[in-house]
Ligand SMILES: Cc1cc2nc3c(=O)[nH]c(=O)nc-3n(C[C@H](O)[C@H](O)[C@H](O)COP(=O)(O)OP(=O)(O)OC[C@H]3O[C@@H](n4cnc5c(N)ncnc54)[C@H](O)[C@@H]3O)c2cc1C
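Given next, in structure tokens, is a single chain: the form predicted alone.
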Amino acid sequence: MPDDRFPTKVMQRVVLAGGGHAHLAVLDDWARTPLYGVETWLVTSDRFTAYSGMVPGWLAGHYRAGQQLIDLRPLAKRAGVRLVIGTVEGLDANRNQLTLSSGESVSFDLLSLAVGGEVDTSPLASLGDRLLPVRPMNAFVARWPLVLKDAAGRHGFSLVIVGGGAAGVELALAAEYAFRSISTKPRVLLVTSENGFLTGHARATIARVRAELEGRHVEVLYGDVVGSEDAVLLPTGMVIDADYVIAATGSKAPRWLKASGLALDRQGFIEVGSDLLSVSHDNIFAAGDIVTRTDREVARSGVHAVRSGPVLAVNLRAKLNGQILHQYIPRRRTLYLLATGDKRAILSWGAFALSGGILWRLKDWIDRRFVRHHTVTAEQER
């Protein structure tokens, strides 16, 4: 019988909350080099995660249904991770507990948060079912075929995209291309704030994107919009009839973080250092759209979520072993390939910009390779 003088050590539990891009690298790391003596969980709202880089191409019709989706179940099985389907709705960082939408509590010893941000749809809420927020991405992907069905055969079908970042631009151009063959005289409009159009990109890139939008008859309007039952309203009083409105206004922090006990910035994002560790809790890492770096400004984009993943994987392992943590240092210039919907792309790299079909082929190769790398075959799963 066991000797009570020497109690058995409780196995540590490492929880990954969120099935996004950053955690794919962690699952890959654990599959290659398993964590022994540690209980590992993945809590995610959906079994499948959509790779954001391929979604505009899918909207335009260049990929089959599901080609942009990564199945997390076989990934988790290969990595020896328990998969829990559930949406995180609360965190008590001081008590080491997550709360799921089911009401279940999940305790942890070490936590990594990459749940993704939310879209602020409150000004557009009156649109009801006409509104399509880009996040959660899986819900957006599920609804897009219904938009195409409604647009088919229609004259003057109107789609408004709210948000002038890279995502808004790519979605507007993809939608324009998709509507060409199924409706007559469709109207695609992009609405953005005056200073919100491709923030962070150089003048050369902005000029090329403006020319592309103009050449494709995508109207660009400026101002903060408010939704009504079947239209959006600009501050000038202009009313834009809309069959559907896509909200691509960038990320806001999940509301439940406010009561988490974590150190947050003024907008409610988790403050982390260069090692992706919370500045207030040394057993909680965070990455992706829900963080603010305290050491430098880093854009919230899929590019940085993907690139921070390997550092996150190394640091989770280092934390368990009491080793020195690594830093995620973004490159001075970030390469972006903006899809234009018609099997071309615009390259943005620092002050340099270029466009053409060969750039789409490069982007397509990069994106397919990423999804293929994280796709586990039946043979691998066994």
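One-based numbering along the sequence shown. Owing to the predicted nature of the structure, the values given are computational and were not obtained by experimental measurement.
Keep in mind that the form predicted in complex with this ligand is not shown, yet the notes after this line are about it.
Q: Since the chain is shown here on its own, which stretch among 129-137, 192-200, 216-224, 175-183 would lie within 4.5 Å of this ligand in the predicted complex, judged by heavy atoms?
A: That would be stretch 129-137.
Q: Quick one: is Asp46 in contact with this ligand in the predicted complex, heavy atoms, 4.5 Å cut-off?
A: Yes - in the predicted complex, heavy atoms of Asp46 and this ligand come within 4.5 Å of each other.
Q: Using the partner position in the predicted complex, report whether Gly53 sits within 4.5 Å of this ligand, counting heavy atoms only.
A: Gly53 belongs to the contact set for this ligand.
Q: Find out whether any non-hydrogen atom of Gly163 is located within 4.5 angstroms of this ligand in the predicted complex, and reply yes or no.
A: Flag for Gly163 set to no.
Q: Quick one: is Tyr63 in contact with this ligand in the predicted complex, heavy atoms, 4.5 Å cut-off?
A: No, Tyr63 sits far enough from this ligand in the predicted complex that none of its heavy atoms falls within 4.5 Å.
Q: Can you pick the one in Pro74, Gly261, Pro310, Gly86 that has a heavy atom within 4.5 Å of this ligand in the predicted complex?
A: When this ligand is considered in the predicted complex, the option within 4.5 Å is Gly86.
Q: Note which of Ile284, Val272, Val115, Val81 lies within 4.5 Å of this ligand in the predicted complex, where distance is taken over heavy atoms; exactly one does.
A: Partner contact (heavy atom, 4.5 Å) among the options: Val115.
Q: Could you run down 274-292 and flag each residue that has a heavy atom within 4.5 Å of this ligand in the predicted complex?
A: The stretch 274-292, when checked against this ligand in the predicted complex, contributes Ala287, Gly288, Asp289 at the 4.5 Å heavy-atom cut-off.
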